[in-house]
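As structure tokens, one chain now follows by itself in the form predicted alone.
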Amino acid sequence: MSDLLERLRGRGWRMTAQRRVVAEVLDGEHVHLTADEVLARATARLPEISRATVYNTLGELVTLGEVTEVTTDGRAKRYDPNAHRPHHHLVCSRCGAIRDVHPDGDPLADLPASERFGFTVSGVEMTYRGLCPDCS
């Protein structure tokens, strides 16, 4: 069983066939699909699944904190099931491929007090950009 499915079962989330397919499509370490990509893959597995069901399920998963919405290019939101392990993203500037990265160190500690302007900083979202091996 996938990590996402295990977490959802542990929460007692009602696992319909449609919800299960969406969760299965999202499962993986470097998965960052748009809603339309989730819909296409879910439809391939379960042809009767509707667009509304996919979008509603994605919204529920985000609300539950089991999936995060990621926007790296100012366009389509992408859905990241790796919500429970802190990470950043490495994005290809040409094709838009996204990889999860786990650099050493604490980025919160790297922000000096003089640059916090009185904020109580609670999180960091970093995006590294470059060209993937296929685009280099």
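Here the rigid core means the biggest group of C-alpha atoms that line up within 1.5 Å when the two forms are laid on top of each other. Start at 1 and count along the sequence shown; that's the residue number. Please read these numbers as outputs of a predicted model, since none were measured by experiment.
One more form of this protein exists, namely the form predicted together with the DNA; it is left out here, but the text below deals with it.
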Options 24-32, 75-83, 105-113, 91-99; stretch whose heavy atom lies within 4.5 Å of the DNA in the predicted bound form:
75-83
Using a 4.5 Å heavy atom cut-off, are 19, 36 and 49 all in contact with the DNA in the predicted bound form?
yes
Though only this chain appears here, would residue 15 touch the DNA in the predicted bound form if you measure heavy atom gaps against 4.5 Å?
yes
The DNA contact at residue 43 in the predicted bound form, heavy atom, 4.5 Å
no
Any non-hydrogen atom of residue 68 within 4.5 angstroms of the DNA in the predicted bound form
no
Look at residue 15 and decide if its Cα position differs by 2 Å or more between the shown form and the other one after superposing on the rigid core.
yes
